[in-house]
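Single chain ahead, written as structure tokens, the form predicted on its own.
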Amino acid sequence: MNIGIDMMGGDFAPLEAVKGLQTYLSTSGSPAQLFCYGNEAQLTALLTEFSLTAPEIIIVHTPQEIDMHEHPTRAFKEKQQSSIAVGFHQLATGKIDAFLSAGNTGAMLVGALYSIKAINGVQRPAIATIVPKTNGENGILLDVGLNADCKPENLNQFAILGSLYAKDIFDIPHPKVGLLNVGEEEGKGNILAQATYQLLKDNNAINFVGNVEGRDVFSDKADVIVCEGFTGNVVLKMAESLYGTAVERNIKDDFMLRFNYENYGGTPVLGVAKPVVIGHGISSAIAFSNMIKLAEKMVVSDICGDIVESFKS
């Protein structure tokens, strides 16, 4: 298995990316081959400093970088020798099996949508995030930012994508799917929610349990919660603020600690042909290590292949 890593992406890269390699290699019994895209001189110096001479590490020199604040489409097009562009090229040509980065999110999405492309039948790929539940398990929320405006058909497909992610990555055999809404009863919500409810109700490919209110997001009412990206991103940022507030106020609580993004590494782009994982810009070594593990699990489970099969019809 070959996993590509953008070593230059993120506020603390490449240092934290290299430390992430060290963490991953020290905790993995059978590590994947790691293709590291970035400035060869910088990476070689850091790998030497941390005594990382593992045969699993392969440096691919990329003389350019896409800055966090650059225009995504323009930067991806003009910087074809950047770590992100080269990584996607090698993912598209089969050199690597998965690609991850904590760099420019927009450029990562451009690469995912235009280099790898959406799976046939998927109208809009989505970004999913993990939602900690009070019972100790994890739920999935999507979309959380890629699609601010959606049609009912898009949300219906998100339900399928989220269900497959729950099955393949979290081993949930029959994930419960809920629609994020302003009330539990059928007929509640705006036009989008009302129309989506009926599609989800009639969708035999999912286990639809009805509407889910904001107060139910962290409960066990649903394993997969679907919404358009605008609402999903608001919920995601609110959850991040809960963790930030707990740290700021020195609140020691096991449930609150599970909101730490580093525990999950990154978020997958669901619906594109190959595994792509996007990390937080402030990712540290733990986050990089967990991003690699998520990419590894996506390859092993062949979630992209399962999505292809589900959308053939």
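None of these values were measured; they are calculated from a predicted model. The first residue of the sequence shown is number 1, and the count goes up from there.
One more form of this protein, predicted in complex with another copy of the chain, exists but is not displayed; see below.
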Candidate from 186, 137, 78, 149 lying within 4.5 Å of another copy of the chain in the model of the complex - any heavy atom: 149
Selected contact from 251, 41, 54, 58, since only one has a non-hydrogen atom within 4.5 angstroms of another copy of the chain in the model of the complex: 251
Another copy of the chain contact in the model of the complex: residue 241, any heavy atom under 4.5 Å: yes
Exercise: residue 156 in contact with another copy of the chain in the model of the complex, heavy atom 4.5 Å: no
4.5 Å heavy atom contact, residue 114 and another copy of the chain in the model of the complex: no
4.5 Å heavy atom contact, residue 255 and another copy of the chain in the model of the complex: yes
Option from 90-98, 230-238, 199-207, 162-170 whose residues, in the model of the complex, bring a heavy atom within 4.5 Å of another copy of the chain: 230-238
Any residue of 190-211 that, in the model of the complex, places a heavy atom within 4.5 Å of another copy of the chain: 190, 191, 193
